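Given as C-alpha cells, the chain that follows is alone and in the form predicted alone.
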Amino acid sequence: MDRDKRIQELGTRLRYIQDIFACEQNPDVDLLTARYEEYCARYMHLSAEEAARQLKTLEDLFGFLERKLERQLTPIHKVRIVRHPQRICLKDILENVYDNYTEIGGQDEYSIDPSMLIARAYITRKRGKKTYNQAVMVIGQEKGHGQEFRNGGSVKPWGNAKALHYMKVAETENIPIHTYIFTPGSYPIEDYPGAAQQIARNLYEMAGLKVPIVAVISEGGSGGAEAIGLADTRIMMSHGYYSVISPEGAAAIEGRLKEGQRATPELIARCAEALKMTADDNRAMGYVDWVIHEPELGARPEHYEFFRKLRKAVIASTDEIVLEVSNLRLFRSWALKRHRGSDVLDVYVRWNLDAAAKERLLWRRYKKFRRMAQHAYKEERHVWKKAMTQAADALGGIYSYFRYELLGRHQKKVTELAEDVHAEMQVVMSWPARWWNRIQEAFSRKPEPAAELVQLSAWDEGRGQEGWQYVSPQAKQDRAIPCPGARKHGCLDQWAPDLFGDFAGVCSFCGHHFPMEYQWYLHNVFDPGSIDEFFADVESINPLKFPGFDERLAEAKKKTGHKSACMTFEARIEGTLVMVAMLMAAFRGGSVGAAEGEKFIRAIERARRKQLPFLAYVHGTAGIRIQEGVNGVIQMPRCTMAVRRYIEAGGLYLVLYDTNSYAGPVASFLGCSPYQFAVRSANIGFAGRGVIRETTGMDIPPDYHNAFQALSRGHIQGIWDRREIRANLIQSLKTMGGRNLYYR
C-alpha cells in the first residue's frame, strides 16, 4: 500500500515536470519519463526487496534531476509554475501560515466574486509564558487548484470592491493587512463599478490606509496585481512573476497579431525573458523588498517548510513596519534587521499604531514609492541648471506659502469679518432707509418715463465670430470627409477646410468629433503666450533593453520633437494660472513609462507647493508602456499616491479625456480624480475590444467604451464639446473643489 502511494506521488511529480517543460525536448525529463514507465511496467514481477530497492533508486533520481532542472528554469517556465493547478493557493496559506482564520465576505462559490478571498486571521506568538494572539486581515486572489468558479484569480470589479471594503474594516479595527497576489490580471469589464475605476479607487484608498500593509506576490499581472499590491513591504516568491502584462499579451502586441492569430511559443518565451519579470529581476530593480526561496520547481501544498518560511517573513515584515514608525524600538529594531526572518518569534511587537505613528507610516509609504524607478528615465541637465530649478521651485513654494497660506489665511479672515459686519450694518440701516425712502416718495412723486422701461440694450459688437488661434494641418486637404455617423444620422460629407478649420473637427450634422492634434488644444484652450513648459529634459529610455525598442523611441522623439509622451507646463485660462500634464497620443500612443510618471509626479508636487489647480489633459493613452515592464506599471501606485497627497492638501484635480484612453493610467492616477470629463467621441476603458474578447469570450458592442456609456456608468461626470473646452474649464475652476487654491 505504501509502495503504491509512493509510485503515485512519483507519477504526480512527473506530470508536473512534464507540464512545466511542455513542448521542449529535455533529456532529463525524457530520462525521468523512461525510468518511471520502465519501473511501473516491471515492479509487479520483482521481489518485494528488489522492488523497494529500485523504487528508492528512482526516488533519488527524481530528487537529483529536479535539482538539476531547477537550474534550467527560464522565465516562461516560472510562468507555467505559478499557473499550474498544483501551485499553492491562498487557502493553503491560510491553513499553514496562520493559526486561526474565518473566511468572510463569502465562502467558496457562494461569494460576490470567488476570485477574491477575504479572511480574518490570527497569528499566535509566545513570549515566555505569555501568549499573544495578533489579528490580521488577509486579502488575496484565490485560484484554488483548478476550480473553474475561481476564474483563475482574475477578479471582477465587485471583487476588488469587496477587497477595498475589508481593507477599510481593517483600518477601523487598527489591524495589519496581508495581501496575497495570485492573478494574471483583472477581469476587463466595464460593468459598474468598472474594472478601471475600481482599481483606481483601491489604489487611491490604499495610499491612505493607516495600518501596515504587507503584500506577497506569486503571480502579479498588471492592474489586477496593483489593485491590492500597494504595500509598505512587498515580498515575492522566488518562482513567481510580476509584470506589466502577461508574456502572451506582450507577444500579441510585439507580433502585431490580428484577431484569431496566436503567438508562437518561441515569441512568448522571448517576451517573458525581455520583460524582466522574475523575482530576482524585480528585487534588483527595487520593486520588491524580499524574495522567499521556494523548493525545487516551485512551492506545492506538501511543502510545509516553505509555509514556515513564509510565516516568518510576513511576521517579520509586519514587525519591521511597525517598529520603523514607533517611538520605542531601540533593540527590537536592531535585532530584527540583524536576524531577518530567522528569530522573529523571539521578539514581540504590538501591531496597533497610535495617531502619530499612523502619520509617519503614510509618509514612509509615500517616500518608498517616490524613490522607485529613478533609474528608468534619463535627465540630462547641467548641475547648475538643476540647482537653479530646485531653488526656483523652493522660492515659489515659500512665496505661495506666505502669500496664499499665511497672509492669505489672515486676509481671508479679515475679509470674512468685514463681510459679516457689512451684512449686520445693512440690516440695521435698512429700517431708517426704508422710512426715509417713503418720505422722499411722498414729497417728490414723479411719473416714470415709459421709454426707460422698454429701452433695449446695445449689441456688443465684440462678441462672437472669434477665429481659432491654431488651425489643424488636416484643414489643408482638398477633399470631402465622410462622417462615421452618416449611416445612423444621414450626415453629408464635409469639405476638409470647413470641418477641420471652422468647425474644429466637429461634424456639423451629428456632432461627431474627429481626432485633432494636441497642438490645437495648446493654442485654442489656454491664453495666448501663457504656456511655460518645464521638466522637458526628462527623457524616456529603454531601461530593460527591450529588443528593437530603442529605434522605436528614437522615431517617436524625432516625429514629435518631445522626449517623452508627457508634456508638463503652467498656463493661464482667462488669467487663472493652471498646472497641466498632457499625455500626447502622437508619442508612442501616449503610453506611460518611468519618464512620464516622473514628470506627472513632479508637476503635481509643484502644483501643491504653488497652490495651483491641476489639469490632466489626456489627448490619448494606450496604457502603460509594456516595453518598460514593471518600471512602467509601478507608475500606477506612484502617481496615485502623489494625486492623493495633492487632493488632501486642498487642490483641484481635473481630468479631461480625448480620443482613446485605456488601461493602467485610467485604472490609477487618472481614474481616481473626483472630476473627470470627456470630449465627445472619446473612448474610455480598461481594455480594448480584442483583449476583452480574448480573455472573457465576450463580444462587446461597438459603443461599449464611448463617452456616453462611461457617463451612464458613472466613470466620468460630464461630456464636453471640443469648442466649449475653454469655457467649461473656466467654469470648473470657478466652481469645483480645491479649498486651498491660490485664487480662493
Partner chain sequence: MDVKEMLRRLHESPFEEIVVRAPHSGIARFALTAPGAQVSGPSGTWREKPGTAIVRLEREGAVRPVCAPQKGELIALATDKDGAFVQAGEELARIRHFLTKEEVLDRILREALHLFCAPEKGKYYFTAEVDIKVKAKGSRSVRVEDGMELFILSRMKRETTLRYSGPSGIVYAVYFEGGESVDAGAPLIGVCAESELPTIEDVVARVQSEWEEV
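Computed from a predicted model, the values in this text were never measured in an experiment. Residue numbers count along the first chain shown, from 1.
What comes next is about the form predicted together with its partner chain, which is not displayed.
Would you point out which of 712 to 720, 695 to 703, 53 to 61, 678 to 686 contains residues with a non-hydrogen atom within 4.5 Å of its partner chain in the model of the complex?
In short, 695 to 703.
In the model of the complex, is there a heavy atom of its partner chain that lies within 4.5 Å of any heavy atom of A486, even though the partner is absent here?
Answer yes; at least one heavy atom of A486 falls within 4.5 Å of its partner chain in the model of the complex.
In the model of the complex, is there a heavy atom of its partner chain that lies within 4.5 Å of any heavy atom of A442, even though the partner is absent here?
The answer is no: A442 has no heavy atom within 4.5 Å of its partner chain.
Using a 4.5 Å heavy atom cut-off, state whether D493 contacts its partner chain in the model of the complex.
D493: contacts its partner chain in the model of the complex.
Within 4.5 Å, heavy atoms only: does V427 come near its partner chain in the model of the complex?
Output for V427 is no: heavy atoms all beyond 4.5 Å of its partner chain.
Among the candidate residues A356, A480, I398, A387, which is the single one with a non-hydrogen atom no more than 4.5 Å from its partner chain in the model of the complex?
Only one listed residue qualifies here, and that residue is A480.
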